[in-house]
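First structure 1, then structure 2: two forms of the same chain, each alone, as structure tokens.
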Structure 1
């Protein structure tokens, strides 16, 4: 690259990147200067160390492309990404705390709430998406209609967290908890339970015991409902769903169901109203995968910044692949000798 090419390239960089480049090549004092002075200072450094500047510009450009590629998929950037494995700088780019934004429910959350008016709902969306919001809002609605709400989870720890959370939202007097060894405010309109306890209540009611809570039951939330396939406890989820009173709505939440459609079809076949499936695979906070070598070296795990959409499209980053192969050889060696 000639000096003129370099100057043009620098001038075309977004100011933010230029500043970063100047700071890393010239030093922090340069940040007080304007764009022109910065470019000249960088060019001065490039006389002595042209490769460094060249590489720095390329990294800055790649980062720029990555940033542009995030909101909308630009075909060119995509192609470039495919050809060249992502570098660490790009991989870590964008890390940090986002700007605070007012809370706006996601379309899928509203869709789930709407669908609950018509019948049962299965929400199958990734972890950390905001399934709890759906549970809370649905609970609020049921409360306004004077209906009882049961929230069940497979784990006592999770039940406790939800107990605290729901008490904060709906007031301590409105929320009770029932587990195998604890009962607190058991006549409250919102009841947190383990799934086993709800199953037992349903059996008691079927056996002729009068339970007002079940007569006014409006909503049953089954959180982490992938437990339906748990070898020991799964049957309890099935019993609960089979015996759930027909006037109550079922809301199944999970991030780990491979066949939500089949599950929805089953519910539709045995429940009085059709079951609506809300599903998507978009993570609200994007996930990236890295590889950390025992030496402390960090590299991206895949060639692309973002997670490959399927195992067949997952191509390891050449550096990660090299390091892991080396690791396997090394440990194989020590395993043998040791």
Structure 2
């Protein structure tokens, strides 16, 4: 067998058998390489031991022929259709801007607003469900009663975004912002700030330097309240809740609180009002997972359109598997060549 014949025979082998042949003839280190590098390494070995390589190729071919000779199990049509992986068209179907429709609040949104009349509220619902609607309507109610509203977030960038959003809703004269590097309209009835700023204001009040705005404070909104569990910053949220004036209602918003029942029980134990928990898992905006290969090829990540209910039930799409393998081979080859 000439070198060209040998190279052609190696190229025709399934990748699985080529890897096994490379491992037995060259060594396990070659498995980190791509297909072309494996073939060249085997060819180099064949120059000193051609009989060994010929025998190994014959064995691999015989194994492949035995596999191909096994009759394929053909499932019934219904089962095949049921197990068929989703195609890209189905995966992308429905994406885009929805048709305009009259807004109708969800029952849980109305439940949260009603519960705020009686006490504090924790809203733990998925991202995109409409937590901001509850915050806006609760703010509107507080302003109608001439009460001050404080909206806090853990990030300056998010505070700036909410500042712009609330100005469009309530007007620039009604909204102010207080962050570490920004102070705009601080006497406004609606104040957007980071949680640390509010905690510091409450510290001043506890020390006797009463800020008149706290006397009229009617609503405190703590966005991204899952930060209560943060090892470093969680204490800020705890102290803010503990020092919050008793006449103000607390509205905690989050999509990822792990123990909302325990948090609601804790608030009920330290606050003068009961804390009502509003929670559901239904996503108003379903999640879909796709894989974009560096070549520009897009494919569903999983066999189904929707996300698997749990990691243990996740089954990768065949095309995603193929692209993963291709990317691994390409990057390993480039890394070795460099």
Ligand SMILES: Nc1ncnc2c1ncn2[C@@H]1O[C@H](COP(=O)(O)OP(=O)(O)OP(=O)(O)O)[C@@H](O)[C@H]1O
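Nothing here was measured: the structure is a model prediction, and the numbers come from that model. Take the two forms, find the largest set of C-alpha atoms that superpose within 1.5 Å, and that set is the rigid core. Positions refer to the first chain, counted from 1.
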Compare the two displayed forms of this chain and pick out the form predicted in complex with the ligand. 1
Residue 286: Cα shift of 2 Å or greater between structure 1 and structure 2 (core-aligned): yes
Would you say whether residue 102 is displaced between structure 1 and structure 2, judging by a C-alpha shift of 2 Å or more on the superposed rigid core? no
Rigid core superposed: residue 274 CA moves 2 Å or more between structure 1 and structure 2: no
How much does the C-alpha of residue 319 move between structure 1 and structure 2, in Å, when the core is lined up? 7.6
